[in-house]
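Single chain ahead, written as C-alpha cells, the form predicted on its own.
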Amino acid sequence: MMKADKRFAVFMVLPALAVMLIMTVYPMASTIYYSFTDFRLLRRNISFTGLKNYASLLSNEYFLASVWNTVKFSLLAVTFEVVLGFLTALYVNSLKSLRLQKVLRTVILLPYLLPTVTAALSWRMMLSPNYGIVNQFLAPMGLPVHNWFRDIHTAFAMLVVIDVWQNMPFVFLMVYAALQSIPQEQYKAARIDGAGTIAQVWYITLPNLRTALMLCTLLRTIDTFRIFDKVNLLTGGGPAGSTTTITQYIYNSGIKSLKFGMGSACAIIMTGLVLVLSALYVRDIMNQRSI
C-alpha cells in the first residue's frame, strides 16, 4: 500500500517537474552554452569562442556603465521603497480608527495593482512637455516647460521616482502585516518603563521587523536589477546612455542586433550579480533566525 502511495505521489509530481525542467533548466542551460559561442539568429554556423564574449563585455565601457546604472538604480529605489514603506506602515498601524486604516490601505495599494506598462504610460503622459499636467501646473509659476525623460539631469531620477511610487506599497503591505504579529505586551512594558515612541520603535519594532525588512529588501533588489519595461518605454536607455540598465543593454546589443551569444553572456553576468546579492541577504536572514 505504501509503495502504491509513493508511486501515485511521484506520478502527480512528474508533470509539474517536467514543466519546471522545460521552462527553467533548459533555457538556463541553453543561455550558458550560447554565452560561450558567437551565436547569431540569422547565421547557421555557431562557433565556440570560450570567454571572448565575457572579456568583450568586461572591457566595454557602455556595458560597465549599464552595470553601474543598474546598481545605482537598485540602491536608490530599494532604499526609498523600504524606508517609505516602513514609515507608512507605522503611520497607518498607529491610527485608532480601523475604518480609516482600511481606506488608507486600499488607497496606498492602488499603484502596486497597476500593470507596469500602464503606470509607465500614465507617467509619460503626465510628464509630457506638450500636454503633461505637471508642466501645465509649473508653467503659471514661471517655470519653463521641461522634457523630463530627455534631460540627462532628470531622466534617471524620474525612473527612480516612478519605481518608488509603484512598488513602495509592496513594502508597506509586507511591513504592515508583520506589525500585526508583534506582541502588544512588549509595548505596554516599554511604556510602563517610560520609553517614548522613538525608543519603542528602535528597541521593539525594528528588531521584530528585521526579517520582514530583509525579505522586502531582497525581493525588491532582485526586481529592480531586472527592470526593463519602464526604461524601455520611457527613455529607451537615453539620454546619452544615462538610464541604460543591464536588461536594456541586453535588449539593445543582444536581441535587437540578433547577437544572442553576446546577449547570453550579459544575462549570465547579471544573474551572477543577483545571486551574489541574494546570497548575502539570505545569509543575514538565516543568521537572524538562528539568534
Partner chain sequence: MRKFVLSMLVVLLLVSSACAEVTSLTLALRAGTYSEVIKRCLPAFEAEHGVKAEVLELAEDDLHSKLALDAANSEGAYDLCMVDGSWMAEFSSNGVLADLGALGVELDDDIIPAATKISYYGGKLYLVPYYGNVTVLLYNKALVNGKPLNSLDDLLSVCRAAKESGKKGFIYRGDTENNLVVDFMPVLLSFGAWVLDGNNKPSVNTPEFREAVKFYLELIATGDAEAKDDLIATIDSGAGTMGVGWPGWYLPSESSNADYCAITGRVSNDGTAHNANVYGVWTIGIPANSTHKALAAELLKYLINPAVQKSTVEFGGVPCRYSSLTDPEVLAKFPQYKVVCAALEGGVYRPVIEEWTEFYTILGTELGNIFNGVKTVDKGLEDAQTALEQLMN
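Numbering follows the first chain given and starts at 1. Predicted, not measured: the structure shown is a model, and the values here were computed from it.
Not on display, but discussed next: the form predicted in complex with its partner chain.
For the options 63, 251, 34, 225, the residue carrying a heavy atom within 4.5 angstroms of its partner chain in the predicted complex is 251.
Stretch-level contact check against its partner chain in the predicted complex with heavy atoms at 4.5 Å: of 256 to 264, 23 to 31, 47 to 55, 65 to 73, the positive one is 256 to 264. In the predicted complex, its partner chain stays beyond 4.5 Å of every heavy atom belonging to residue 211. Residue 206 falls outside the set of residues with a heavy atom inside 4.5 Å of its partner chain in the predicted complex. Using a 4.5 Å cutoff between non-hydrogen atoms, residue 150 counts as a contact of its partner chain in the predicted complex.
In the predicted complex, none of the heavy atoms of residue 197 sits within 4.5 Å of a heavy atom of its partner chain.
Shown without its partner, the chain has 235, 236, 239, 240 in segment 231 to 248 as residues with a non-hydrogen atom within 4.5 angstroms of its partner chain in the predicted complex.
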